[in-house]
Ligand code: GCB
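As a starting point, one isolated chain is supplied in structure tokens, in the form predicted alone.
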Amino acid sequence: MRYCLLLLTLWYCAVNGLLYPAESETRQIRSLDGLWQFRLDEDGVGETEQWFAKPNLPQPTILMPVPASYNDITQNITIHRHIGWVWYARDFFIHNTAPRWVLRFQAAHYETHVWVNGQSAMNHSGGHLPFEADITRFISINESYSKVRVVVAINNTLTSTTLPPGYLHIYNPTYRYLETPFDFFNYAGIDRSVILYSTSNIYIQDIAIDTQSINFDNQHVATSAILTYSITIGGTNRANSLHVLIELLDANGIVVANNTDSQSRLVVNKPNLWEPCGMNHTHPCTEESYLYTLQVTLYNDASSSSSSSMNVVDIYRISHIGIRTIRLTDSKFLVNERPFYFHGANAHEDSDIRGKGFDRVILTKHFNLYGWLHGNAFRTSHYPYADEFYQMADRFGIAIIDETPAVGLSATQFVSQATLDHHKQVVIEMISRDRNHPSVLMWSLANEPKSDAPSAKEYFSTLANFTRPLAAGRPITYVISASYNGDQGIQFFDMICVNRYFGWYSEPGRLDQIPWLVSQELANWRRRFPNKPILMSEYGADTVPGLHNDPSFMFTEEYQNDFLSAYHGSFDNVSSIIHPDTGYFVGELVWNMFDFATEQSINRVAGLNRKGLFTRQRQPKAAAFIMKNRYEQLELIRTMKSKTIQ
């Protein structure tokens, strides 16, 4: 069938081009990671002086690894606490073997300007999400190879309209202070990979795929599934006769469904389902869930759709397709029509020396520890993580609550149209990038906003209405620190996610008060919103490893053990899996998996938040064993077997 150009809505056009760079028969991938030239621009003169057009950045320069946050790479405190512009540069060669080259930054924090061979190539505002540009026009096409110079300027200054927000105070020429309404260090730089990839002039620009429905027999075995998909084609020469072939391959590479329409559905008989790990009826979190591969082939002027006779233009594969459904009732979170209970620990992208810089060693250690812990879920607190986290979560069946970087929103932001517009754009970018991951079960649009402000009602109503059509079948929420009777916005969302620190930030040291306070908190939210499930999205206590006291005192390992255990009885009393007929509580996420860096302050010894179950070096505290045992026990709880839960 001839390829028909889709008539796309404006929002859909805005999110095209965020497919993860993947090598194929028609695409080359080249990493530009490594040591780049780097320097501070403390006076902010680099762009005026056109550093981007010079053969080298002006001295003094140093070597800076990419990806990495620049703050902790040196022994220079000025670089560690720098606020403002920094510059990166490197040269490389392209052998002109492809008609189109794209330069992609997986993320940089925060405001980024990029020049290629002295010409402006792209600008991007915001950290944690990718951006890219076709740089073919900047490359000489009259030679067999081209020398390319990339120069990048990045500014980590946060403002009242950025996400997250920040407030710059300038006391004198040598004392600039960025006030940040969030409790983690504002690491900056090119903190994820830089990638160069090639395509043909006509190329697969975007793919969206989701499970529409699954049919089960009376033993809850999947008999068939329907997946809906949409393919977008980009590039030039669209007058050519174009065809598209969509194939779904099982784990053995066998085609189990196919189609030749650019927007349609795939029917899979006897599908293997993607299951979240760590439930009685699913696999352990050290074993892999089932994934299919979606292969999209674009071809032209062919008499047959067989691969042997195609005139192939482009091929792209998504290797992490999971068949699964999500549905909420008034008291349960259902995955594949069975109750799911979130249990695990949130984290930050944070590690020694690298800051927020992506590192595959850290990534692999993270998931090895998660399997050991028996954790089956986490929230990307408080920003979208690197793509590779989602790929690993897909593989092992770890559920993700995907969160925007909207942390620390105040009443001032709620009346700012600029903030709302940027928030919408971030939502578009995050959902566009992550919607094809089966591990993403829910979208969180903010963390601990001042949602008891009257202006929060209109802001979050507008944001919810904007997001819901884009949500790709997932529920939407935000994470609440406001009181149950003060919050103005969660009424427009699907689930209650609450952060509470009884026995720490309130009632410090009073472990005996925790069970009653937690029980009252959950009951109060349930009375106000009887049709929404509830999840405890944060609870935790700072702990200095090796510090002990009997009886339990704050900051000791004994206190962290007793603190966490004091919450669990209240959770279990209203658990949706322990009490399937009356329970409404669907999960618990500890704060935090690892100790992480913060700004220096009198209550952050050595600039660390120490609520981790593990140290920043990924070694366990005593509480890690407490939580490991709890999560092992949660896996043994039998859930309801029926197909349909009302």
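Residue numbers run from 1 along the displayed sequence. The model shown is predicted, which means the values in this text are computed figures rather than measured ones.
Just so you know, the form predicted in complex with this ligand exists too; it's not on screen, but the next bit is about it.
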item: Sole residue of Arg30, Arg604, Arg616, Arg39 within 4.5 Å of this ligand in the predicted complex, by heavy atom; value: Arg604
item: Candidate from Glu448, Asp314, Asp434, Asp350 lying within 4.5 Å of this ligand in the predicted complex - any heavy atom; value: Glu448
item: Stretch in contact in the predicted complex with this ligand, which is absent here, among 589 to 597, 617 to 625, 65 to 73, 575 to 583 (heavy atoms within 4.5 Å); value: 589 to 597
item: Heavy atom of Asp210 within 4.5 Å of this ligand in the predicted complex; value: no
item: Thr232, heavy atom within 4.5 angstroms of this ligand in the predicted complex; value: no
item: Contact test in the predicted complex: His382 vs this ligand, heavy atoms, 4.5 Å; value: yes
item: Interface membership of Tyr505, this ligand in the predicted complex, 4.5 Å heavy atom rule; value: yes
item: Stretch 173 to 203 - residues with a heavy atom within 4.5 Å of this ligand in the predicted complex; value: Asp183
